[in-house]
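Just the one chain here, the form predicted on its own, laid out as structure tokens.
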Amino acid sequence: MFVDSRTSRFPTNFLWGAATSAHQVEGNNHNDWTEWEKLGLVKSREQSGRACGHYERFREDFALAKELGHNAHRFSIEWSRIEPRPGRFDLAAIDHYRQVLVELHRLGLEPLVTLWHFTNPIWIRNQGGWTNRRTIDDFGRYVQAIVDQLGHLITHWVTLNEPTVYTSHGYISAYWPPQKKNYLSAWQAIRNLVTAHRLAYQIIHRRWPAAKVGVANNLNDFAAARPGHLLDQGLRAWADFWHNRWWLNQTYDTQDFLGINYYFHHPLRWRWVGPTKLFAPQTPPAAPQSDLGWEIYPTGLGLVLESVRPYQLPIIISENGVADADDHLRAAFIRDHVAQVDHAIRHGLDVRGYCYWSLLDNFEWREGFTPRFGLVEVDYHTLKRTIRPSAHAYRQLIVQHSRSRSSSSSPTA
């Protein structure tokens, strides 16, 4: 599919890029996840270890992003590096992220900086993690340090990544650490994360009033597997409320933009199999799927974008990607999802960026190193980087949209 120069409406300053997170690419972290990995619960009993070596090779990786036509990059700062002990800040770690930001600016890549992407310092884990209200103030102290030391280099801030996914996997399904099947703990954690976000928003804006602050929230396209079935419809409505709406309703007044991570189309079919499996998607066998068995459904992104129209906030697609080791799905995946973004913009939604997940193959949490999401392939033995053909297809898409934008511009557009 080629871009129609008569209809493309991407704004001039649209952010095209990819995303990473510290624990998944940097290597040699020491946090609650690295401790949990030692229990052998990651598939193939893998540990993140040196991961992609990005901590040392970030300049090389950013140069690849620039070569691929990106003008933005989303990454996260590792809290456990910045504050390895309560109130004790590692100046060398702060300086490292200063170098990261300077390099991104030098290359003309707009940084989108995530302050918390699932991992916690060991001392936070030891005090009960996000179930302890003390963690809110501790997070605020960490945010204040980043604001003071690095804030002049950051415009776009993502306070938290996928808080509802974190609490669901950590405290309901027990698929992720801290592996507690406890609904009260889940409620305490999500409430504390709401308060932590609101506190971070205030801290950032107090020092940098022009900053743009949001949350990268995982939004699913829930559907009734049997559209005319009342129980399926009720299940869909409840899932949409809890997973999609509740967080937005609690925080939209302290977001300058909505970060949307889109991966899942979830057809839901009522059957009593226990609360943790009740919301498992009923994917049709013939549906196209990624290497992880996730249905590929670009239309769902368009539906998710339309669903947030009532919040009347700018939108950035902060993650959207596919596990595809053979690279035979990724180019079409990006093209078709970007087409949904184009459609949303043409119908009046203020979408300002698209970040593919991920720039690099990486450590995919409990799934380990097997899933391959990267525009750039990583050989985990040698750490050699190889640009995949789909990355060039994405670059061509960026160029085509940029050309159509300039050719269709007019004083009245």
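Numbers for residues come from their place in the sequence shown, where the first is 1. Because the structure is a prediction, the values reported are computed rather than measured.
Although not depicted, the form predicted together with a small molecule is the subject of the following passage.
Residue 295 falls outside the set of residues with a heavy atom inside 4.5 Å of the small molecule in the predicted bound form. At a distance threshold of 4.5 angstroms between non-hydrogen atoms, residue 330 is out of contact with the small molecule in the predicted bound form.
When the small molecule is considered in the predicted bound form, residue 364 lines it closely, a heavy atom lying within 4.5 Å. Although the partner is absent here, residue 162 is a contact residue: one of its heavy atoms lies within 4.5 angstroms of the small molecule in the predicted bound form. Using a 4.5 Å cut-off to the small molecule in the predicted bound form, not one of 16, 61 and 354 places a heavy atom inside that distance. With the partner omitted here, the residue from 261, 114, 167, 119 that has a non-hydrogen atom within 4.5 angstroms of the small molecule in the predicted bound form is 261. Note on the interface: of 34-42, 378-386, 52-60, 364-372, the segment with non-hydrogen atoms within 4.5 angstroms of the small molecule in the predicted bound form is 364-372.
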